[in-house]
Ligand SMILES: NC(=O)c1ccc[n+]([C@@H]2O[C@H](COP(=O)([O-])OP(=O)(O)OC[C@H]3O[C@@H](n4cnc5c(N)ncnc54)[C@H](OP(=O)(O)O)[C@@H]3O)[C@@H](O)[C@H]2O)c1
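Just the one chain here, laid out as structure tokens, in the form predicted alone.
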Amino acid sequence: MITGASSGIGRETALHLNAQGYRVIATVRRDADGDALREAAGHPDRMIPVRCDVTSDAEVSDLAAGVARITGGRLDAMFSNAGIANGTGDVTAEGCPVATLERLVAVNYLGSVRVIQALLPQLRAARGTLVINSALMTHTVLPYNGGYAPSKAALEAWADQLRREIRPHGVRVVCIRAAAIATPLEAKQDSAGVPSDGPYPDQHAFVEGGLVLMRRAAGNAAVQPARVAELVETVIGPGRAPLKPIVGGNARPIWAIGVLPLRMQDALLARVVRRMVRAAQGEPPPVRWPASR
């Protein structure tokens, strides 16, 4: 069962697992997205789109009941993927509106928890695997992230608690920490509304520079959603799965920054900000980090 399968990572993972022979229940927000997903599936009879808003108690309850009817109450694997980001307006810790933070928490944290709680009895019955799409920013927090990192950090802390509690039931809990992935979530970011003045003038250039670098790397295999889909397939398969695998463009160097002493992290991330600013201004980056493998 995969949430957020209308586009991006969720859609790619649903299609990939379906092609491998899995029966996939995929949540979408619109019927048209579900129809398109089934049409693109290699095995349409094993692709089951279901409309669900992860912020709705009623719709999630209906989802759990529907999944139980399909699976007989035994769910082998779940990929909690649905999420949103914020790349417009004030994206600083001081200026990001509380209403924006509440929306991010409602979808990224509480929405994921709501669906997971509803499906856990079926995962326990099958001694299945829960995979959560977290973010590498829970490990290395980048500045000017518009509240995205806190929402994912809350989710990952909750997942750590769950993993330690549910272990006797044989359910595996894995958090995928994704770095740069080229998805519609990234494409929806619009730096036009990010302030370029005030006490944090670099925030606009940082967001715009990130979008510029993502467009430059669009053809890089490391940033393709397929990398996440392949990782999900590995994690839910037989064998011992890593608890917090990383994936995406520049995942290794970003992870490495997060293990350094805090003052060194601050200094290196200040250099990252300057790099983003130069990218926004059209200057080539002075240092090219190696692509993750």
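Just so it is clear, the model here is predicted, and its values are computed rather than measured. Numbering starts at 1 and runs along the sequence shown.
The form predicted together with the named molecule is left out here; the points below concern that form.
Colleague: Determine whether any heavy atom of A14 comes within 4.5 Å of a heavy atom of the named molecule in the predicted complex, and answer yes or no.
Modeller: Residue-level check for A14: no, no contact with the named molecule.
Colleague: Given that the named molecule is not shown alongside this chain, does M1 nevertheless sit within 4.5 Å of it in the predicted complex, heavy atom to heavy atom?
Modeller: The answer is no: M1 has no heavy atom within 4.5 Å of the named molecule.
Colleague: Do R69 and the named molecule come within 4.5 Å of each other in the predicted complex, heavy atoms counted?
Modeller: No, R69 is distant from the partner.
Colleague: Does any part of A179 reach within 4.5 Å of the named molecule in the predicted complex? Heavy atoms only, please.
Modeller: Output for A179 is yes: heavy atoms within 4.5 Å of the named molecule.
Colleague: When you measure heavy atoms, are T129, R163 and L231 every one within 4.5 angstroms of the named molecule in the predicted complex?
Modeller: Looking in the predicted complex, the three residues T129, R163 and L231 all stay beyond 4.5 Å of the named molecule (heavy atoms).
Colleague: Quick one: which of 54 to 62, 231 to 239, 253 to 261, 40 to 48 gets within 4.5 Å of the named molecule in the predicted complex, going by heavy atoms?
Modeller: Only one stretch passes the 4.5 Å heavy-atom test: 54 to 62.
Colleague: Between the options T183, T138, N145, Q203, which residue brings a heavy atom to within 4.5 Å of the named molecule in the predicted complex?
Modeller: Selected option: T183.
Colleague: What residues in 110 to 145 sit within 4.5 Å of the named molecule in the predicted complex, counting heavy atoms only?
Modeller: Result: N133, S134, A135.
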